[in-house]
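The form predicted alone is given below as one chain in structure tokens.
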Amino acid sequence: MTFGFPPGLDQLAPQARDLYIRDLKSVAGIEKLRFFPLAVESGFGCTLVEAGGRELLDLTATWTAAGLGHGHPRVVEAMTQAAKRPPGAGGLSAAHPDSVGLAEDLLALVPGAGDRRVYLGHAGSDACDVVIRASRFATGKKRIVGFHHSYHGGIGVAMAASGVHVEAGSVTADPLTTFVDYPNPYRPPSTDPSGPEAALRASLGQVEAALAEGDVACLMFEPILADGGMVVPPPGFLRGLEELCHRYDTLLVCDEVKVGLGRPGMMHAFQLDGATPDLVCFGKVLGNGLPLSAAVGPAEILDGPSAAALLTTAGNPVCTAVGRTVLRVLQEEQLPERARRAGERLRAGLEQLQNERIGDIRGHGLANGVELVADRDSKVPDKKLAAATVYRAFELGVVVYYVGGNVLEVTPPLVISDAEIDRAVEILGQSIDDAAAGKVPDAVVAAYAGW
């Protein structure tokens, strides 16, 4: 192994090691978030194939982007057919059937009232960014209310409205954005013994105080706080946000990019609490690995000003054809219901591990978090254990990441089988045990910083 490269590469097959070294020498570090030396050359279903041929069970779906799995045949067919004779390369200055059709499909799929429009983009980041800018322009208000540890994107004002980025120091805090606490039932306010109810009251109280200051264009929220630790809020939280935003004449914006479109065990995560946001942002699974995002909301917000959100290849015929196919597959193959059943099996299996280092298991459908702690009594977060666990899982043939410092994010493709779920539970259990026993050297873990 070449001197100066991170440890662990000598454990890889020569082909994987060479590919990873080429990546280190050529691809910019600013766009990398690495937890172990993953170097893959193909994939199918819920399986990733490492260079050299080793197969790994994917419990990430590439941060949920490959929600239908890798190489879904209907996605491949849609992409291939659309690429044969495309009507141009985007929807910027022309209409074409699939961009219009995808917008119509989303309007039919997303609950809402009145005259609405659909923005089409490349990633959840630009969808959230455009919604914030459009909300400010249309309402004349400037402030944004968001949540600590939230994530709404890696560009522009969406990045500055993402608690994860602000807290990491990777972007300058926006003085016009107010961050409040997201209710965490596992970690409620320490001064109140009533648990989840206390977390709910405290969070909604902070939201109301921020809205009462006035001049708030929109409130951005995730129905499950994903990158902040896969936190599932208490029942009533989303309905509470909806009521407060209506009371203070503020737009309610739901970021469904990571946990929506079938993943929570129903089509939309905001439906878990019976809420109806004013605007909804989509990404990731909508393109099943291709660059595609969308935002659905009132025409008076998204119709102007003209040419204020220009991406030359946004709404391109290949990505939008795939997006339409993804929506059809979700419905025709009943993937939301399949995700609900799969998630129940997964969480039940994890509960049976009865591991004292597992503080909490939470989720809906196939959006799940496993919080690792020093011990269950203290609930002290154990980031070192989480980092060692995901590395050990990689060694044992499973790809899983951690978020929020100490929470395993388990978000496999929606097509995962029962046998694959059972295998995942077994390997995750062994990985936690092995990591706790010190089987992953500290120097190896330190070389892959993750978040």
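Since the model is a prediction, treat every value here as computed from it, not as a measurement. Position 1 is the first residue in the sequence shown; the rest follow in order.
Omitted here: the form predicted together with a small molecule. The next part is about that form.
Visitor: Answer yes or no: in the predicted bound form, does the small molecule come within 4.5 Å of a heavy atom in every one of Gly262, His268 and Ala339?
Guide: Zero of three within 4.5 Å in the predicted bound form.
Visitor: Pick from Val131, Leu366, Val257, Ala161: which residue has any heavy atom within 4.5 angstroms of the small molecule in the predicted bound form?
Guide: Checked against the cut-off, the match is Val257.
Visitor: Give me the residue from Asp98, Glu222, Glu371, Asp278 that has a heavy atom within 4.5 Å of the small molecule in the predicted bound form.
Guide: The option sitting close enough to the partner is Glu222.
Visitor: Using 4.5 Å between non-hydrogen atoms, is Tyr151 touching the small molecule in the predicted bound form?
Guide: Close contact exists here: in the predicted bound form, Tyr151 approaches the small molecule to within 4.5 Å, heavy atoms only.
Visitor: Find out whether any non-hydrogen atom of Ser125 is located within 4.5 angstroms of the small molecule in the predicted bound form, and reply yes or no.
Guide: Judged by the heavy-atom cut-off of 4.5 Å, Ser125 is in contact with the small molecule in the predicted bound form.
Visitor: Quick one: does Lys284 come within 4.5 Å of the small molecule in the predicted bound form, counting heavy atoms only?
Guide: Residue-level check for Lys284: yes, a contact with the small molecule.
Visitor: Check Asp273 for me: does it contact the small molecule in the predicted bound form (non-hydrogen atoms, 4.5 angstroms)?
Guide: No, Asp273 stays farther than 4.5 Å from the small molecule in the predicted bound form.
Visitor: Heavy atoms within 4.5 Å of the small molecule in the predicted bound form: which stretch in 139-147, 320-328, 181-189, 222-230 meets that?
Guide: Going by heavy atoms within 4.5 Å, the stretch is 222-230.
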